[in-house]
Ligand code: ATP
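Listed next as structure tokens is one chain, alone, in the form predicted on its own.
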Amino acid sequence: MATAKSSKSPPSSIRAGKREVSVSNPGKILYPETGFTKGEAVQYYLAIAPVLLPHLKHRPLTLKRYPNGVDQPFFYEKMCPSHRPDWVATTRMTTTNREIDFCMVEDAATLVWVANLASLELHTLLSRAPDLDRPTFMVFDHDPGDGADMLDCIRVALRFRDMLEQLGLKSFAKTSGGKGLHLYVPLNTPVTFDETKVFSRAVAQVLEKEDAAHVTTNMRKDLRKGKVFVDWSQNDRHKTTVCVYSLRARTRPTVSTPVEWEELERAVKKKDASGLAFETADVLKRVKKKGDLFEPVLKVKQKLPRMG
């Protein structure tokens, strides 16, 4: 699908809110297959900021940086760089062996600054500062093994949605930006990671038991062939998941994009999921037309059912 392009010379700085943020090497190509540049990545993030920022606010961010493009080595950066501007917010989190000051993207200027670091992917915790021990949602990653595809992920996700509805829980889907789907269950009520971890594992294993021919919760790749791996293990205090509207470091600048259940049902009916690969221009058009389909994830309040 279409990628946002511009014939103008890329700017060396960008106005983001009340700040002017420098952009180094804006013409540097980060996606060689399409010629998509760092400047275009920055422009995308600035354009999507009104709907993206609410999903980033107060969430510790792990940077996933691709300084030489998506086909070259990348690195994760949990500690917010020491050269950050003084207006970049941070929050401290104690891990098993050290304390980490994570960056937090609280405004458009910080989002532009992060994009300028070639942090193409934005990975956040499932909790918000200051209450980092309380997840605000659960997430289930549907990842197709060899011999399975996006349609298989959709079929499993639809079954998962129905099972969760029987438990009184609403869920929302987004593309991973790659070959799979992410299923989100908003909570926004007092809950612990111990509780969500037990619950998420239990429901995923129920789904696996009901359809072992198509679903696995085992991480072993040799057991995923022809199946959809439903990863519940992201529901952990220290685990991150790629944020909605984040770019992905694939061959093309695809985006992790909210989708409606009706879109997924139509894809299964037509046996064609090709229309569910969204690049930057597609996402901006969708937001203009549909708004933020993931807004309920921020607002819907749900309690975990009692186990057993």
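The first residue of the sequence shown is number 1, and the count goes up from there. Just so it is clear, the model here is predicted, and its values are computed rather than measured.
Absent from the display: the form predicted together with the named molecule. The rest refers to it.
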Any non-hydrogen atom of Thr37 within 4.5 angstroms of the named molecule in the model of the complex: no
Would you classify Gly226 as touching the named molecule in the model of the complex, given a 4.5 Å non-hydrogen atom cut-off? no
Given that the partner is absent here, does Asp141 sit within 4.5 Å of the named molecule in the model of the complex, heavy atoms only? yes
Arg65: touches the named molecule in the model of the complex, heavy atom cutoff 4.5 angstroms: no
Just to confirm, with a 4.5 Å cut-off on non-hydrogen atoms, which of Val42, Leu56, Val283, Val242 contacts the named molecule in the model of the complex? Val242
Exactly one of Arg161, Lys179, Arg155, Arg237 comes within 4.5 Å of the named molecule in the model of the complex through a heavy atom, and that residue is Lys179
When the named molecule is placed as it is in the model of the complex, which of 23-31, 42-50, 248-256, 271-279 ends up with heavy atoms within 4.5 Å of it? 248-256
Using a 4.5 Å heavy atom cutoff, which residues in 115-137 contact the named molecule in the model of the complex? It's fine if the answer is none. His123
